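Only one chain is included here, represented as structure tokens and corresponding to the form predicted on its own.
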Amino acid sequence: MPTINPVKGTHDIIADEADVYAYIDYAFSNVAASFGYRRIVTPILEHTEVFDRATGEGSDVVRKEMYTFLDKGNRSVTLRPEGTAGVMRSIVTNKLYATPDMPLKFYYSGSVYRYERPQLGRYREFRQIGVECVGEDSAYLDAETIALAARTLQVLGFQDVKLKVNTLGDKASREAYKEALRSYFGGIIDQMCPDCHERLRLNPLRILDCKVPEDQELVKDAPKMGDYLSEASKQRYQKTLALLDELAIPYEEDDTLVRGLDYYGEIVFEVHCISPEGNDYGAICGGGHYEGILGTFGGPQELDVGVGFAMGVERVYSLMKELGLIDNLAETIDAYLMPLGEQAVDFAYRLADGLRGYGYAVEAPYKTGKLGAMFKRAERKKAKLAIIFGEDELAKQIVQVKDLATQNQEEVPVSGLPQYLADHLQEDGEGE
């Protein structure tokens, strides 16, 4: 029979890679929790209107990239293309806003789906981690959210990343700027790509994000957002930048940065990184301030503001791999048992279960084999210790314990083995 491959744009995540994905999620979760965020898990499948309402018809996600289909009840449903809309829907559905304790702070992780061209670090099914801070409008929260993203990357080992920031201003500022862009691009739109024709009609801000090189040249002479900002938006933007300066978070201002979804306003940001090999993964993290989403689901208008970001786990993983940040992150086992003889195999079964009861990760082969082959297998499984025993050791109720890093070997009574592991692994900083 022919081999069945994964659907284009999807991929299997196995063993060491899966361990690093879990580590990324763990590190992010700890950082988010330290900022006062709680986990939220929303469905992968939502009614299509959830994303139509929230993301805006001018976004490429809605126009071209969503996996939308009719279910057996003839209802239009969509695999989530991003995390924010589902969180907003959940806040309203569950009336989470009915609390005096604002803002609401949630973090999430999970798969999202976009029908886009697979390329370096990009898939059609990929994983996102992200946060949403909802219900309070503050430059302090904007800066704090950027700090959370920066702290997450720092914990993961990144040192040389570029934070890009821009402001899209308040609603009045954006409308004035959109009119200026319509006027400018209207005279040259025939020179631009078909997508930009549609963007001009729906949301001319999106033209600034066009990736076609010839269009990017035309964008350089376009009007600048800064010339259309209200005084309040100017002050808010400068306040946010001053707060980032206070936290010693370096950034670069980019007046073409608009992000890919229509709900953003005021500050927006992206984090970029180019690997030592020269691979440009684009934005590995992006987000900003938004307003008007909660209200589309019937939420209270006075709480209809927020700030958040999302980070692509596949891109983060690929960069960590190229930067050598994952070399010691794959899961290890504490001990690999090496039984010599049939009687020892039976004992290995019981010993493994007993040590797991103490919280140790233990593996054992349940057949006899050559000692050299077992050592090679223990090495492949990244075991810290080898526990060796045959009939002679069992008669004396002892085992031989070998540290596979130092190659030191000691004789240990079976009854004292749990305490030996506790002491030995704790010395390495890896014990319970």
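All of these numbers come straight from a predicted model, not from anything done at the bench. Each residue number is its position in the shown sequence, starting from 1.
Only in words, not in the display: the form predicted together with a small molecule, which the text now covers.
For the candidate set G308, G169, G86, P204, a heavy atom within 4.5 Å of the small molecule in the predicted complex is found for exactly one residue, namely G308. Checked against the small molecule in the predicted complex, the candidates K164, K239, R114, R151 yield a single residue with a heavy atom inside 4.5 Å, and that residue is R114. Picking from 156-164, 131-139, 318-326, 226-234 the stretch near the small molecule in the predicted complex, with a 4.5 Å limit on heavy atoms, gives 131-139.
Remark: I91 does not count among the residues lining the small molecule in the predicted complex, judged by a heavy atom distance of 4.5 Å or less. Though the partner is left out of this view, P339 does not reach within 4.5 Å of the small molecule in the predicted complex, counting heavy atoms only. When contacts are judged by a 4.5 Å heavy atom cut-off, C273 does not count as touching the small molecule in the predicted complex.
Although the partner is absent from this view, A222 stays clear of the small molecule in the predicted complex, with no non-hydrogen atom inside 4.5 angstroms.
For a residue to qualify, one of its non-hydrogen atoms must sit within 4.5 Å of the small molecule in the predicted complex; none of Y37, P103 and E144 qualifies.
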